[in-house]
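Next up: just one chain, as structure tokens, the form predicted on its own.
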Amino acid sequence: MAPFMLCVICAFMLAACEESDSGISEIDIEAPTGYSLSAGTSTIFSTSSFAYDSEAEWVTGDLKKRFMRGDKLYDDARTSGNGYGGGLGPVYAGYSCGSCHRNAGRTRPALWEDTEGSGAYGFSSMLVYVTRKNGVFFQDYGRVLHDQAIYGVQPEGKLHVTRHYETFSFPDGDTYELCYPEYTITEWYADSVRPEDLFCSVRIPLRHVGMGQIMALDPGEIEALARKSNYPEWGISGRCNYIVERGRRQLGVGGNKAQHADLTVELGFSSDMGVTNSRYPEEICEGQRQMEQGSMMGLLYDELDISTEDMEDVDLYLQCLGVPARRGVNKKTVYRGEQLFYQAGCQLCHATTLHTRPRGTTLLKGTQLPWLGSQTIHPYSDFLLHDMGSEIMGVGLNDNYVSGLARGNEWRTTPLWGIGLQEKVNGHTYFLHDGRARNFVEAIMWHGGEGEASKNKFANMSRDDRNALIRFLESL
């Protein structure tokens, strides 16, 4: 290593050990440098609108044929008829996987785009969880509000949003704005639910980046992170979510609250599209009054709407997707932003480096994907739950929705790999679980609870340093 570079790194590390103005000791760590492959052998070098939707290089031969078939099943709109490609509804939230996850990303949420503030009568791509305030589901609606329906059937309800804005100032005088959404539901198909009895949690789609690597994560490594993820001086203490799926207790790694141990392909077909399958053979509208009254009976079929073989091809497609490599890593501003990311303690939750277990993953019907095994990956997440629910604008990120062991104020650390390409892939920069953050700055400034100290570090940076940290995020 050149003497000059050695001096620079040493100076940075010495500075990192000094006491900051906030009284929090800086992290004694060297920010990693160089051109890291985001997902080992699954890293791809694409910056196009298909950067999330391209297969890894090891996907060849018969695997490639199955990948393409799974891609088609994922993207093609389903119809209300019986047979191949049918089974939609009678009520549903999306008409295909790709309708909400355009190019395997996050379809632009129409509800946020609607100037009237409702988005009620068009397709929104937003998922709405509803529950009573005592945590019990509504008998007529279940856990998800299905705001779309096939001809002759009434949607379960329509979501509306009222936006509240407030302007804040950084210590240096620069301003930023936060937007808090207030949700209401109207046009309930059955008895209206009183707002005072309703908890409503709205989610925009997750990016389907690195799904195979997430499924191949070494559970022991995640559990070890939970044991040592205790930084009292930063107010950070992550924990695992455990859920019961397929009859056994498992570590949750997927979803906004780490509430899933698999990619929920079967659940997605059932709950989101109303497509019956071997794991969920009943219609999602089972038990609804309009079904009992006979209005749906002519629209229902005895046979399953999709086979397990088809669903495994969708599972394969998701797990074989490549992960975009970082970009611009040798630029001075990006490198400076990476240092600041570490100085702000962001990596204490957004863990830079993890590993996959040796044997890779196993799909729904037993297909093995050993190519995902024994990989060093850089997801920028510890996949643990953290409290993010402190008060901002009189509210916080607490959605009052319990998932497994996750409380309403707890969220899984969002993996950041590929995040810098979201605008290119999907044409927007809405972040956080419901899209309330409209850019990176707002996403950071919504951090509360265990993210409070790092947020304050960012807020107290100079304008140039804040911009450099954002530029680093754009490189991921």
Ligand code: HEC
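The structure presented is a predicted model; accordingly, all values stated were derived computationally and were not measured. From 1 onward, residues are counted along the sequence shown.
The same protein also exists as the form predicted together with this ligand; that form is not shown, yet it is the one meant from here on.
Only one of 93-101, 185-193, 152-160, 171-179 places residue heavy atoms within 4.5 angstroms of this ligand in the predicted bound form, namely 93-101. The closest heavy atom approach of T414 to this ligand in the predicted bound form falls within 4.5 Å. At a distance threshold of 4.5 angstroms between non-hydrogen atoms, H433 is in contact with this ligand in the predicted bound form. The closest non-hydrogen atom of I44 lies beyond 4.5 Å of this ligand in the predicted bound form. Proximity of Q375 to this ligand in the predicted bound form falls outside the 4.5 Å heavy atom cutoff.
Of the residues H350, R326, R336, R239, just one reaches this ligand in the predicted bound form with a heavy atom at 4.5 Å or closer; this is H350.
Proximity to this ligand in the predicted bound form, defined as a heavy atom within 4.5 Å, singles out one entry of A216, M273, L111, L316, which is M273.
Proximity of L63, L364 and P379 to this ligand in the predicted bound form is absent: no residue of the three has a non-hydrogen atom within 4.5 angstroms. Shown without its partner, the chain has I236, G254, G255, N256, Q259, L263, T264, V265, G268, F269 in segment 235-271 as residues with a non-hydrogen atom within 4.5 angstroms of this ligand in the predicted bound form.
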